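Heads up, the chain below is alone and in the form predicted on its own; it's given as structure tokens.
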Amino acid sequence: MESSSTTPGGSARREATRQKLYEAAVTLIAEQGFSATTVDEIAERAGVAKGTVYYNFASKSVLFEELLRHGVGLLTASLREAAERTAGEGRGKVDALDAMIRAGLVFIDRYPAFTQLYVAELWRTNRAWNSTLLVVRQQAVAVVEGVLHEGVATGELSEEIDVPLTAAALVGMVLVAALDWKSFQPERTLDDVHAALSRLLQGRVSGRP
């Protein structure tokens, strides 16, 4: 999973190594599960020595926790950028939400294995990183909540909206629809999926004006 880090020197090299480890871990864990994946396998897949894994992360669990932070951080940044871009263009909050839906689909199209792991881990309660996962999940949802709050404040969106639940529903809609797309309807294009979700957002499913 890519990063926008431009830190010079050793820090940049270490970040590049961490990127390799993230990629290796997410691929292996998606293939065979967390428990079955070993540090040796992660190191081999990343093309580094086993000691390099422990130099960067204290354990496999810490590596996976940081992977979750990293991945959801990228998703959150994508959602925020989409909202800020539409605001800069002078467009409304529904347009911002639509742009965020597309940004989420683009992210999932790029990182399907990570998204699959993220959704699976959301339903587990016995993981050491569960509290961290809830925090980073809220960071992503909060970006959507912010747009909804602004839309209600300006009168573009109904005051009857339950902002936290609506934000969670929108994020969940994108995640589940995209995973269904990648797993069961791969012949569809990203534009197809975005168009369907856009119609749901804009209330055009019923065919009424």
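From 1 onward, residues are counted along the sequence shown. Nothing here was measured: the structure is a model prediction, and the numbers come from that model.
The same protein also exists as the form predicted together with a further copy of the same chain; that form is not shown, yet it is the one meant from here on.
- Among the residues Ala140, Ala46, Leu63, Leu157, the one placing a heavy atom within 4.5 Å of a further copy of the same chain in the predicted bound form is Leu157.
- Within 4.5 Å of a further copy of the same chain in the predicted bound form, a heavy atom is found for not a single one of Ala83, Arg110 and Thr132.
- None of the heavy atoms of Ser11 is located within 4.5 Å of a further copy of the same chain in the predicted bound form.
- Contact check for Leu68: every heavy atom lies farther than 4.5 Å from a further copy of the same chain in the predicted bound form.
- Within this chain, Ala77 is remote from the site of a further copy of the same chain in the predicted bound form, having no heavy atom within 4.5 Å.
- By the criterion of a heavy atom within 4.5 Å, Arg102 is excluded from the residues contacting a further copy of the same chain in the predicted bound form.
- In the predicted bound form, a further copy of the same chain lies within 4.5 angstroms of at least one heavy atom of each of the following residues of 123-139: Trp123, Arg124, Thr125, Asn126, Arg127, Leu134, Arg137, in sequence order.
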